[in-house]
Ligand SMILES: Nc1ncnc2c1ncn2[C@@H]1O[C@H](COP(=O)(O)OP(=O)(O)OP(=O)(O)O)[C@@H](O)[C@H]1O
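The chain that follows stands alone, in the form predicted on its own, written as structure tokens.
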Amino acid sequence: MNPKHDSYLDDYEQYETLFDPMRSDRKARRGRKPKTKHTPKKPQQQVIAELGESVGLEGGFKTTYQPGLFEEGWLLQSLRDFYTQHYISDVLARVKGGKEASVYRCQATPAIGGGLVAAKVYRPNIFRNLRNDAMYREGRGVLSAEGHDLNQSVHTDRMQRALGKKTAYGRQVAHTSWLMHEFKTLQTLHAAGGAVPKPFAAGENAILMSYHGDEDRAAPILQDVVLDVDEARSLFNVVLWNVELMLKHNLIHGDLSPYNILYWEGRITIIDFPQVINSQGNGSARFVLERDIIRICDYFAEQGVERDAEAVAHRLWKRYIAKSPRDQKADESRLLAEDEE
């Protein structure tokens, strides 16, 4: 069997389930009559095309970008809220395709400043297959679509059982939580002056944020850029400053590398935060921090900037995470004084 064909069938099954009106319309199910005669089944491609078309047309959402056959349904469904809330008026192009998510260049409305924005749309069920997901979830809450910690909910026991058994409800809760951790991290870091996209809105399956690039080309990833030594040295310091900013907010990126840093007109933008971890509540924090630093140092070494990754990680760990009791007390006193002011 052709593996590519298998993949298409898997995709079709996901979309068929997701966009089946009988799945959520109880009245429609009650009114469903027994079949009186056999109706030939439509080809898979025709079914998916019709579903995708109805999702877009029912909401009046027509896009300049023409989605592929297995992309249209979930793309328009994922972005429809941004359209109905008048954040975007069009989807212009796909600028990045990936196994976890795709990014689209969209036309923004005056409600969020106009111009171009980026919509990051997650692939269906992507977080279900994330490797070592427990390592990233340790020490951080389960977030609702509104950004509230569901561990404080009266339904905590039911939710935890659903997460453990990976029921349909549990998978949806987990998916929403991963997405909202990325959105809230962007909010926190952007407000603090970090080199991250500005977040505008989050939906069930997408995040709307600032776009980096121009009308013809999105900003390339740092991995695809060759820097001169002086610029490389300057940008290394910028990346390190942002790592420290994250640590000041008890955050570690979790997947930092030149593949998750954009470069445009001499500036960098750090992206992709769904795996962000809590530096104070995660037993793998040091391992994850060291891995992030090693990846960054390896790239900049290729650009002529030699740094001891182990020494850098050790300094950051000692300064922001493994503090002595005396340092912790000093920090608590400083924070108390700031609150009183």
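In case it trips you up, residue 1 is the first one in the sequence shown, and so on. Being a predicted model, the structure only gives us computed values, none of them experimental.
Keep in mind the form predicted together with this ligand is missing from the figure; the text below concerns it.
- Contact annotation: K99 falls within 4.5 Å of this ligand in the predicted bound form, judged by heavy atom distances.
- Within 4.5 Å of any heavy atom of this ligand in the predicted bound form lies no heavy atom of V142.
- Shown alone here, M209 lies within 4.5 Å of this ligand in the predicted bound form, counting heavy atoms only.
- Though the partner is left out of this view, Y259 does reach within 4.5 Å of this ligand in the predicted bound form, counting heavy atoms only.
- Among L179, L189, V239, V103, the residue placing a heavy atom within 4.5 Å of this ligand in the predicted bound form is V103.
- Shown without its partner, this chain lists A195, V243, A118, L227 as candidates; in the predicted bound form, only A118 has a non-hydrogen atom within 4.5 angstroms of this ligand.
- For a residue to qualify, one of its non-hydrogen atoms must sit within 4.5 Å of this ligand in the predicted bound form; none of A108, I112 and A201 qualifies.
- With the partner left out here, this ligand still marks one of 244-252, 89-97, 228-236, 75-83 in the predicted bound form; by a 4.5 Å heavy atom cut-off that stretch is 89-97.
- Using a 4.5 Å cut-off on any heavy atom, the residues of 264-278 that reach this ligand in the predicted bound form are, in sequence order, I271, D272.
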